[in-house]
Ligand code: ADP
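First, one chain by itself in structure tokens, the form predicted alone.
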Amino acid sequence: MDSLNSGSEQTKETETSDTEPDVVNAQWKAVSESLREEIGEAAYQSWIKPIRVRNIDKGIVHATVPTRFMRDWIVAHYAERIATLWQDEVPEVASVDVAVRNDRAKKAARETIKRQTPPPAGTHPSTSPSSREGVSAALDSRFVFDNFVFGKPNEFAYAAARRVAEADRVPFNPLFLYGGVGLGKTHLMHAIAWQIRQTTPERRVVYLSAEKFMYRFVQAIRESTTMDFKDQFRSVDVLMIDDVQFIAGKESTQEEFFHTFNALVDQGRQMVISADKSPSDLVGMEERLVSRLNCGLVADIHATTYELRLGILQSKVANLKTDIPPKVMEFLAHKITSNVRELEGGLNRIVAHAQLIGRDITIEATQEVLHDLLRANDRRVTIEEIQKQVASHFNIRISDMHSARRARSVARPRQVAMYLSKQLTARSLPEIGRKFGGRDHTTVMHAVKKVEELKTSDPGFAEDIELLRRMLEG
């Protein structure tokens, strides 16, 4: 059986059909509903709902989607399953062909915006309409989709970002991106802004940090220009706020941001927001705002894997046009695990050192040049890693770390993970508690005390803890 095929870049609307439209629609409804149950509502709304099935001709189902990226994603991720489900409905179906819908307006817009493409890397343009008005921050021309290396830890966030950038309307608003420092949130936000400005320059896109939003709001209050401030931010087509955790605890700014948020969403304008934590974990944020932030699509950017880090290094080395031994890149990908910024910074340091000193790039030279960075990364362990390792050791599910279950078989491993989080990370007790299903800091204190008591009274338990510690630090 053939799987889903990639159709032409732009499809025509005049193909013949050997199946009645009502019959085709009924078949597609059955297939798409089956898929909806399998993949969940968010993925269905993002990828399956936009598909339009046009006809079935000579055993080929012809379907269209709005963008090339969406077509490629569907072909890569849902191909086999859609074809299988359709053949369950109609055995005669041999394959499914997906093409990009012909949209003359979009095509014309693309022809008129070549001047809007990002300038050469290293410049920081501020000549877009929004920038000229002094609202939007400058965009880094390096941060485009073509330069974003994606893998399992960030592919969902990447796909959601591209969907916002390429579709006129998306079923989720806001798009909320969250993850640790240096994992790519800002890169994706800049890429969204660049893509929209390039393909639909008539849309007003404003990107700025939450800190800048607050400063502009305070300035408007001081200068009695709050109405101008409201008009500026509530008339944009896409508002992108980076590091929204900055306004936590700042009541007046949150109030204004809440009303701006509501005004834009009510008008069908798109919001894209980033933070270092999920909406529910943002301390000092008003409950009504947290509720609003949770109402769209929340996409987590996880810590990088070894494969993703190696891919990022290979991409950067290709751009640097510098010969770096594969063993050195593998060494860096293994050793610098905290975030992508430090990984790129380490790469730049060893390249600069080699060029300035005239020394070959070797693992020994890398260890010498990056001794401080490597030492810092050796000490870093995340709570997520601790939870995963402890869950595996005690043969429980990761979700049990966050659940309300109190059975000893679950509660004891959870206490061990809390104890190790306190010992091996710099996180505070409240922060640790939030990572374990929003528990209070006193629960963490009790867990630490309990584990210390058990270590003293039970040598076997103490050996388990020491083994886990060595595995996490190794």
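On a predicted model such as this, the values are computed, not experimentally measured, just so you know. Residue numbers here begin at 1 and follow the sequence given.
A second form of this protein, the form predicted in complex with the ligand, is not displayed here; the remarks below concern that form.
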Problem set entry | Listed range touching the ligand, judged in the predicted complex by heavy atoms within 4.5 Å, from 82 to 90, 247 to 255, 341 to 349, 362 to 370 | 341 to 349
For this session: Consider Pro325 of the chain shown here, and say whether it contacts the ligand in the predicted complex, taking contact as heavy atoms within 4.5 Å.
Result: no
Problem set entry | Exercise: Thr305 in contact with the ligand in the predicted complex, heavy atom 4.5 Å | no
Exercise. Quick one: is Thr186 in contact with the ligand in the predicted complex, heavy atoms, 4.5 Å cut-off?
Worked result: yes
Exercise. Hey, in the predicted complex, does Val236 get a heavy atom within 4.5 angstroms of the ligand?
Worked result: no
For this session: Please state whether all three residues Thr382, Ala391 and Phe436 have a non-hydrogen atom within 4.5 angstroms of the ligand in the predicted complex.
Result: no
For this session: Would you kindly say which of Ile396, Val149, Val170, Leu264 lies with a heavy atom within 4.5 Å of the ligand in the predicted complex?
Result: Val149
For this session: Select from the listed residues Val181, Leu320, Val218, Ala138 the one whose heavy atoms reach within 4.5 Å of the ligand in the predicted complex.
Result: Val181
Problem set entry | Neighbours of the ligand in the predicted complex among 252 to 287 [non-hydrogen atom within 4.5 angstroms] | none
